[in-house]
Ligand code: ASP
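Just the one chain here, laid out as structure tokens, in the form predicted on its own.
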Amino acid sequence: MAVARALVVHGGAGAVAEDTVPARLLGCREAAQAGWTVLIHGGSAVDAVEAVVVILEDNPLFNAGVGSPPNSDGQIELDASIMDGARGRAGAVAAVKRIKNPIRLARRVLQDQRHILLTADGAERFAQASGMTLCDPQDLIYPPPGHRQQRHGTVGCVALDRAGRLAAATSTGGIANKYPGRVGDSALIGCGTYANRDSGVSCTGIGEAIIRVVLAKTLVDLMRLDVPIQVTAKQAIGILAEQTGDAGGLIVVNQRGDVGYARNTTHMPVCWVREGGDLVTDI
């Protein structure tokens, strides 16, 4: 039986310059529209979340792909993960330096099925073996050296397709000036990304805090209480704040196509759409 499709996108939780807010909302809206087009034309939830995140990785306003902040060695290292809730399969990559769209590589890890998380040089060797072209690390730097680097936000998407399949994806460049090799929540299934047959979640914020409370899986478990989705989303953020004292945000979709999101930061650009409705943006 066909179900109501739904899709929600986030552009990261945290403080951003007010003059960048319209562009961030537009970026989320454009990405959401691309993902919704995939769903409308019969694509799967996994196809949709990948398409959304690729667009956001290519937008230098966000902290994913091009425009990510450098680590303490001045290098950009990227993390991403994707999960197919219908089949319980996932793929993730971490600390990759020569992959323009890490979510595409995470999708290939998912499809390969031998592993879930590949890191650094090993992930890049797998990329080459699977037919992907490596980029020049300099291609990920934006703006050019000497220009002001704006604060960015991790990106993510959750989608429900017409067959009732849920998927979630998250991508990030991590925190600025991080120690080389640091891996945050965005590459870790259950922390930054999680989906099963009932709901899907993508998180953003302080990765170390999100990891400590396994935030994405915590929210999915809370969904079993069958209270309004927005209430549950806020409960999960409350757990993050209470147990770690840190900040973050998240987006969630359930099997009925209900959409929820919450944050305890000043900003988190989101865009969402449900069957029969229009694209809605919020900050």
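Everything quoted here is computed from the prediction, not taken from an experiment. Note that residue numbering follows the sequence shown and begins at 1.
This protein has a second form, the form predicted together with ligand ASP, left out of what is shown; the following refers to that one.
- Exactly one of the stretches 166 to 174, 89 to 97, 131 to 139, 114 to 122 approaches ligand ASP in the predicted complex with heavy atoms within 4.5 Å, and it is 166 to 174.
- Using a 4.5 Å cutoff between non-hydrogen atoms, Ser199 does not count as a contact of ligand ASP in the predicted complex.
- Taking non-hydrogen atoms only, Gly205 approaches ligand ASP to within 4.5 angstroms in the predicted complex.
- When contacts are judged by a 4.5 Å heavy atom cut-off, Thr154 counts as touching ligand ASP in the predicted complex.
- By the criterion of a heavy atom within 4.5 Å, Arg162 is excluded from the residues contacting ligand ASP in the predicted complex.
- Although ligand ASP is not shown here, in the predicted complex the stretch 257 to 282 places no heavy atom of any residue within 4.5 Å of it.
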